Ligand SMILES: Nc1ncnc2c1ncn2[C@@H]1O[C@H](COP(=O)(O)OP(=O)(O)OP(=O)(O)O)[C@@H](O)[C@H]1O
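In C-alpha cells, one chain follows: the form predicted alone.
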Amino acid sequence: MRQQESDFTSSVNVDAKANSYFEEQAGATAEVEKKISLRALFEGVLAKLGPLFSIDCAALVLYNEEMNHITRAYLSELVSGKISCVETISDPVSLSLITKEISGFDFPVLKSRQDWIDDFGENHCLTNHPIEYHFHCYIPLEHNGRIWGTFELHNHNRELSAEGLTFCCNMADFLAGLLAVMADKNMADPAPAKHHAAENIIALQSASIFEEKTRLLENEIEALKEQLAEFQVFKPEEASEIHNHTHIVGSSPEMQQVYKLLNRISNSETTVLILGETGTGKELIAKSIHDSSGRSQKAMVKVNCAAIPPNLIESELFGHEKGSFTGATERRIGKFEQAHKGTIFLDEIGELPLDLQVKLLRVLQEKEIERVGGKTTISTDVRIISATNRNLLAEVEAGRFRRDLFYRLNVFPVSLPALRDRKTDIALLATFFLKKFAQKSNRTLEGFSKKAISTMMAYSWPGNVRELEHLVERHVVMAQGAIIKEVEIPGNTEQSLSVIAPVKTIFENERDHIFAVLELCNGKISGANGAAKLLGVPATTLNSKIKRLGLAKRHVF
C-alpha cells in the first residue's frame, strides 16, 4: 500500500460564490457538458504523463461498490500525434478472470506480457481495443478504504520507470479522491440532470487543482531525479567507430576527424607533426601511427627534447665516441641509431636548441648522422614523428625555430582537439580510466553517478586528458562505495574558491605598499635612504599621502 496519503480532499473545498459560478457554467449549454467531463480530464492526464515517462496508453477502469462489475472504462492513447480518449465501457459488464485479478490489487503492480501468459495462458488485452501491449502497470484507485477502480498504464517496449511509478501513484490518489467527491455529489442529488451538472462542477473545480497538483508533482519528480542521479550509474553509449586504433578512447566528431587522418597515413612513410595542448595524448597518437605502419615490428624510440639538458641532447640523439668529451668513457649509440628501420618520436620539438635544429635538418635531408667526436657519417633509415604544444609558426616568426626545419617536419600535420572541445568523450574516458585503475588497485567499482559525470562535463579541463586521468585515479583510491557519487576537482570547488584572498581596493594596495616601504626605511621619509626616494615621489607628496591614508609613525614600529 502506498505510504503517501492523498491530499485531494483538503484541496477541493471552494466557497459558495465559486460553486455558483460553476453551476452557471455547468448548466449553460450541452456543449459545455461534452467538453468538461471525466473523459476530458483523463485525456489531460495522459497528455501530461506521456511526454514525461514515454507512456503509450492509459486506461481508467471503474468498479461498482461490490466490485463484481466494471461500470465504466476510459482509454487514452496517442493516435496520429494527438492524444485521444474514448469511453470503451459505458454499461456495466462482469469481470473476466484477468480483470477480477486486477481488481484485487490493493497496491501498485507491474506485470509483463510474459507474466500474464505464465499465470493465465494469455496476455491482458484491453476491452474493445485491437492493440496488444507488452508491459503493464496497475495502480488501485483507493480512497477512504474503498477501491473505486484501477489506473492502468500500458507500454509497447518498456516497463514504467521508478520515478514514473511514483508520479502515477500520486495521480491515482488524485483520481480516487475525485471519484469519491463525484459519488458524494450524486448521492446528495441523484436527479439525472443534476448528476451531469455535479460531474461538470467537480470537473471544473478539479481542472485548476489538477494543473496545480501536476505542476507540484513535476517539480517533485525533477527533485527526485536530481537525488537519484547520485545513485544511478552512468552507462556511456558505445558508439560505432570508423577506426582500428582500439587503444584510443573517443568517438566525438573531432576525434573521428583525427582517425580519418591516421587511416590515411597508416601505410605511408610520411613525416608527421602532431600538434596539440599538453595532455591531449600526442604520444598515444604517435604510437598508433607507428603500430599501423610497416615499421611496427621495429622499435619506436621516444625522446623528450625538453627533458634533456642542452649540453647532452646532441649526444642523446646522435651518440658519441669514447673520449669525445670529459666523462665519455665508452662509445654510446644515439637514439637515431637505436631507431634504425623503426620510428623516432621527438616530443616537445619546439624546445630543441637552434644549433641542434641544424643537425636535425641534415638528418632529414641526408638520411645520415655523425656521432659526437666521430669522423665518419652513419646512414640511418628512420621515420620521424614529432610533437609540440607550441605554435611553431609563431616560433619561426620570433626567430626561435628554423623555417626550413619547420617545413621539413610539417609534411603531414595532425591537430589534436582539447578535451573541452570534445566533451562528449569525457564520460567514455572517465569510465575507461575507472576500469583501468580499479583493476590495477584490485577494487570493484561499478562506475560514476550521473551527478559526477555532469560535474566533469561542466569543467574546462586545462590539463586535458592527462588531468582527467589523474583525477579519476585519485577518486578510485578514495572511493568508499561501489559508485563514485561526487567528483571534487581541485581549483574548481566552492571550498577552494573560499580560501582565495579577497581582492584589495586601490586605496588598500597603495596604503599597504607605502606602509611596507616605510617599514623598510625604519620610518624615514626624506633623505638618501628615505621612503620618498625609493617610491620616486617628493617627500612633501609622500607626507600628504601618509596623512590621507591615515598612516602614522606608530604603524611602522
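What you see is a predicted model, and the numbers here were worked out from it, not measured in a lab. Heads up: residue numbers just count along the shown sequence, starting at 1.
There is another form of the same protein, the form predicted together with the named molecule; it is not shown, and what comes next is about it.
You can rule out all but one of 347 to 355, 305 to 313, 328 to 336, 376 to 384: in the predicted complex, only 347 to 355 has residues with a heavy atom within 4.5 Å of the named molecule. By the criterion of a heavy atom within 4.5 Å, G279 is counted among the residues contacting the named molecule in the predicted complex. Using a 4.5 angstroms threshold between heavy atoms, R443 stays clear of the named molecule in the predicted complex. Among residues of the shown chain, F105 is not one whose heavy atoms approach the named molecule to within 4.5 Å in the predicted complex. At the 4.5 Å threshold, heavy atoms of E283 reach the named molecule in the predicted complex. A heavy atom within 4.5 Å of the named molecule in the predicted complex is found for exactly one of K322, H156, K260, H247: H247. Checking D173, E152, E77, E469 against the named molecule in the predicted complex, a heavy atom within 4.5 Å turns up for just one residue: E469.
The partner is not shown here, but in the predicted complex the stretch 420 to 434 reaches within 4.5 angstroms of the named molecule through a heavy atom at R422, L429, F432, F433.
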